[in-house]
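Quick heads-up: it's one chain on its own, the form predicted on its own, in structure tokens.
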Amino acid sequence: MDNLGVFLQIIFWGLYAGCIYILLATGLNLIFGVMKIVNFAHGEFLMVGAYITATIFFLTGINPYLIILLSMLVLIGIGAVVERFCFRPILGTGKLNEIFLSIGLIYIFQNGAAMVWGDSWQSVKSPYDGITVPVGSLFVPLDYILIMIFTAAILCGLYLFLKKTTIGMQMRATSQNRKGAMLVGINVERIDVISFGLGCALAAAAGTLWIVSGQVFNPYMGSIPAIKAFTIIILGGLGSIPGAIIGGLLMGLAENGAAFLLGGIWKDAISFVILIIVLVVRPTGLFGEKGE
């Protein structure tokens, strides 16, 4: 393969990986934007979503792409329970409480998943495994193209929900000014639970696309994606959904470029390198507001 072909392959693989990161980071940013809470257990919702999709697939044989919506609906319910009984009681009591609570949730979800599904590595074989589509000089796996399409569809649906529905507009108002939203009669507790549930649903979608892309998974696989999601939202700006989208694409490209140029060992390490650079050069991120 010539240099141009290698470059295009890195770009394409980076875009595919970025799509999964975008969904995870957008969900995290949605929760932070509305509730201003830090949830380090967000990667565990990706893991649970992956297991729900895998379980339904193993039991029924249904195309895993068709299970995405069901997995998202289940995670909305789980997210609502976690928000109501875990995060709501400590809302506004300090970031340290949120951090320790989310760390506790990490262990609860990991050990709970290990009890239910076991702790061995598993994988799901996509019905389109081995099928490639010619894109210029490249032969791209069909699954990668489908992942991009599903990601775009989910993000478009989220955009329309936030812009066109009453609940979406209330979520935006709460994100901009929580006290002001209360004063005009918005039930911010209701908005909190909806926002947290939607954030978890996006993590479930990311988990589903993660496993249909051929990635192996176990109960402890959520930690690294969560760290990358935090890196992305710091890169793009806390609370900025456009920032999460651009940051996710940049992260995917940086990972695959680093893996090709420096070796596979740098694929995960590059996240921390980017995190440190952004914190030093522009702590508010690309789309963050200065002076926050």
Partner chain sequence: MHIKHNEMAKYGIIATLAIAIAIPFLIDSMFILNLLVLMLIFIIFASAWNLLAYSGQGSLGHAAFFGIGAYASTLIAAKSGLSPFITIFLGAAVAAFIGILIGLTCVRLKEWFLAMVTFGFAIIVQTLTVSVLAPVTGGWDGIASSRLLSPSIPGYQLIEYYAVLAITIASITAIWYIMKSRIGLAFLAIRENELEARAAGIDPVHYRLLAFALSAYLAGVAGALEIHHIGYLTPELYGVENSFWPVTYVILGGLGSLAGPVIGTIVLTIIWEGLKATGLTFGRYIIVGIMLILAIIFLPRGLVSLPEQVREWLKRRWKKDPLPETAGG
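Small disclaimer: the values here were computed from a predicted structure and weren't measured. Positions refer to the first chain, counted from 1.
Just so you know, the form predicted in complex with its partner chain exists too; it's not on screen, but the next bit is about it.
For the candidate set 234, 52, 254, 246, a heavy atom within 4.5 Å of its partner chain in the predicted bound form is found for exactly one residue, namely 234. A heavy atom within 4.5 Å of its partner chain in the predicted bound form is found for exactly one of 182, 160, 103, 73: 103. Just one listed stretch, out of 160 to 168, 193 to 201, 89 to 97, 134 to 142, contacts its partner chain in the predicted bound form at the 4.5 Å heavy atom level, and that stretch is 89 to 97.
Using a 4.5 angstroms heavy atom cutoff to its partner chain in the predicted bound form, all of 38, 111 and 114 count as contacting.
Although the partner is absent from this view, residue 227 contacts its partner chain in the predicted bound form, with a non-hydrogen atom inside 4.5 angstroms.
Although the partner is absent here, residue 85 is a contact residue: one of its heavy atoms lies within 4.5 angstroms of its partner chain in the predicted bound form.
Proximity of residue 279 to its partner chain in the predicted bound form falls within the 4.5 Å heavy atom cutoff.
Heavy atoms of residue 119 reach within 4.5 Å of its partner chain in the predicted bound form, making it an interface residue.
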